[in-house]
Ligand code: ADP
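Only one chain is given next, in structure tokens, and it is the form predicted alone.
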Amino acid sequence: MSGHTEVHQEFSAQDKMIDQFLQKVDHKLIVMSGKGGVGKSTVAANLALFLSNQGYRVGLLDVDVHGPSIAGLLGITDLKLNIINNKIQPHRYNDHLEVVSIQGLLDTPDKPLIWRGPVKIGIIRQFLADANWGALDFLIIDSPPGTGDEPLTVAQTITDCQAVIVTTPQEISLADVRKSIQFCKKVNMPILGIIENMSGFICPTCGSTHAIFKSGGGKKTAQDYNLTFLGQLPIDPNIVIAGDAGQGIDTLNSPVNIEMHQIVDHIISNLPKHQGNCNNTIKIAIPVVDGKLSNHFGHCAEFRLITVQDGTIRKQDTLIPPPHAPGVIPNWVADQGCTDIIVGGLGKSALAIFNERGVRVLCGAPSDTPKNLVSLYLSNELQSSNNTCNHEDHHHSCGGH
């Protein structure tokens, strides 16, 4: 039993590290495909590269265990994982793009990884928990084709991740895309949109485009499922040359470069506004017990952290606070990036810390669910009570005592 307890404790500790990292990432995107050979990794690598060229802080994570391609596409195949003080150091590709690939675990580029599910799950969680990513605007995850362990692990671990699905125009690829769409629905993963790759061939002689593999199937599938169609990328022989040389599409004087720019712009326009520069984003902390607000602020078992953008709840996280001690809980709440807190009661010491840290406080809230409280708070139907806000007693024990 002790061994089982230790494993559970290690898993819980890793969960906490993963959650701490993900809180510092504005947008998480997994690039998926129903089948192999559709150019998914090329799209993932260039999506990350084009976003970084626009000044966004981007992390690119390759979790395609059995066929990692990101390192080769970016020309960093021979780089091993760099570990300092038990932390994986992502490779800095440019000023705004960092990369971690499972390729870095291989002794030689052609060595296969023969892993079963639990090992694959473990390494993906480790890449999220133990990599020194820092704060990111985007985390782009390149997963293997299909609906196996890797995309399932991402969906279960990164609950606010969104999918970008890549297909080619042929019906056999579109049939597998429909499976990916159903997978996303099953695991409650929002689909940001569909990209049709290899949509026509650009003749290197005359420059005209020929639909040798058909065209438009991705757009029709998006329409059938009421999904966003993000754009089409034609076949250009120069993409192969650039990829083999470890260069991005951004280096090409090609219509593909223009199309990729348009796809990236489309993705950005379909995302919530960038949190780091958005004045309409707030993060509300609520002490919770049994699913409702807890009056015992400093001794509550957990906090619900709710991120609201433009009046809409975008994300909910449940975190366990550190042990109760003078000043610890208020500073911990502020350290999570919270801008507001809703409490039943609060002592003077905690209130002073929140005021100093710039966290807005609403005291005297009723015992209700976090969602209802946030709704009332946003509609200005909650009024702060000075009596409960300055009253220090055992019923409203706070972390500032």
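This is a predicted model, so every value here is computed, not measured. The first residue of the sequence shown is number 1, and the count goes up from there. C-alpha atoms forming the largest set that superposes within 1.5 Å between two forms make up the rigid core.
The form predicted in complex with the ligand exists for this protein as well; it is not shown, and the discussion that follows is about that form.
Enquirer: Please pick, from 102, 256, 284, 230, the one residue with any non-hydrogen atom lying within 4.5 angstroms of the ligand in the predicted complex.
Expert: Flagged contact: 256.
Enquirer: Using heavy atoms only and a 4.5 Å cut-off, determine which of 342, 38, 333, 30 is in contact with the ligand in the predicted complex.
Expert: Here the answer is residue option 38.
Enquirer: Taking 4.5 angstroms as the cut-off for heavy atoms, does residue 52 touch the ligand in the predicted complex?
Expert: Taking the distances in the predicted complex, the answer for residue 52 is no, it never comes within 4.5 Å of the ligand.
Enquirer: Given that the partner is absent here, does residue 240 sit within 4.5 Å of the ligand in the predicted complex, heavy atoms only?
Expert: Result yes; residue 240 sits at the interface with the ligand in the predicted complex.
Enquirer: Please run the contact check for residue 98 against the ligand in the predicted complex: heavy atoms, 4.5 angstroms, yes or no?
Expert: Contact with the ligand, no.
Enquirer: Determine whether any heavy atom of residue 235 comes within 4.5 Å of a heavy atom of the ligand in the predicted complex, and answer yes or no.
Expert: Looking in the predicted complex, residue contacts with the ligand include residue 235, since a heavy atom lies within 4.5 Å.
Enquirer: Heavy atoms within 4.5 Å of the ligand in the predicted complex: which of the stretches 38-46, 372-380, 359-367, 55-63 has them?
Expert: Selected range: 38-46.
Enquirer: Is the C-alpha displacement of residue 88 equal to or greater than 2 Å between this form and the one not shown once the rigid core has been superposed?
Expert: Moves: no, less than 2 Å.
Enquirer: After fitting the rigid core, is the C-alpha of residue 254 off by 2 Å or more between this form and the one not shown?
Expert: For residue 254, whose C-alpha is compared between this form and the one not shown after core superposition, the shift is 2 Å or more.
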